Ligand code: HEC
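One chain comes next, on its own, written as structure tokens: the form predicted alone.
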């Protein structure tokens, strides 16, 4: 009887170990990626696309620097890989490549540089251009759409399309006149209704982004 009990306990213990092991490594990654992944790669391929809009330099969970992100390594693992509660709507779930990169980085211990000491791949942020497509991708979708969408806190002023921006009702964008365009007014420091709100956790619009928006409007907001 004692032998049977010991075998049963051993079996249960083995099962529990398997569960714990799977929780620690919820997504299989290659050893090559495990040894070459870096914070810069994760930031460019994952954080910038799916996270920074809500976890910028004014948020409680900052993902813009390695030092800040490393402090939240366990929270990132649980919310993205275990519970899958992040990213939140309206941002799509992480795709396979994003999961691979993030999983590798977390399993490697959240390194700043590659563990194997290799040079990091040349992965750079895509420079914003004074075009609607680039501004929508880099500013509207990243810093505005979470509130200015159907069901969002500011859904009465939608920003989903170029037509929404050009709607004369709100004068969000007035072609050829950036100084009279609401979009330019609210992103400047000191604005009465500064956007994104300082308590939203969303990073402010950068000078580079402002310049691109201004030039786009001056050119007619085409």
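Throughout, rigid core stands for the largest set of C-alpha atoms superposing within 1.5 Å between the two forms. Positions refer to the first chain, counted from 1. Predicted model, so just to flag it, every value in this text is computed and none were measured.
Keep in mind the form predicted in complex with the ligand is missing from the figure; the text below concerns it.
Q: Is residue 147 close enough to the ligand in the model of the complex to count, meaning some heavy atom within 4.5 Å?
A: Result yes; residue 147 sits at the interface with the ligand in the model of the complex.
Q: So, residue 132 and the ligand: in the model of the complex, are they within 4.5 Å at any heavy atom pair?
A: Output for residue 132 is no: heavy atoms all beyond 4.5 Å of the ligand.
Q: Tell me, yes or no, whether residue 110 is in contact with the ligand in the model of the complex, where a contact means a heavy atom of each within 4.5 Å.
A: The answer is no: residue 110 has no heavy atom within 4.5 Å of the ligand.
Q: So, in the model of the complex, is residue 33 in contact with the ligand at a 4.5 angstroms heavy atom limit?
A: No - in the model of the complex, heavy atoms of residue 33 and the ligand never come within 4.5 Å of each other.
Q: Across 155 to 169, which residues bring a heavy atom to within 4.5 Å of the ligand in the model of the complex?
A: Contacting residues: 156, 157, 159.
Q: Align both forms on the core first, then report whether residue 140 has a C-alpha shift of 2 Å or more between this form and the one not shown.
A: Comparing forms between this form and the one not shown, the residue 140 CA shifts below 2 Å.
Q: Superpose the two forms on their rigid core, then report whether the C-alpha of residue 42 is displaced by 2 angstroms or more between this form and the one not shown.
A: Indeed, residue 42 is displaced by 2 Å or more.
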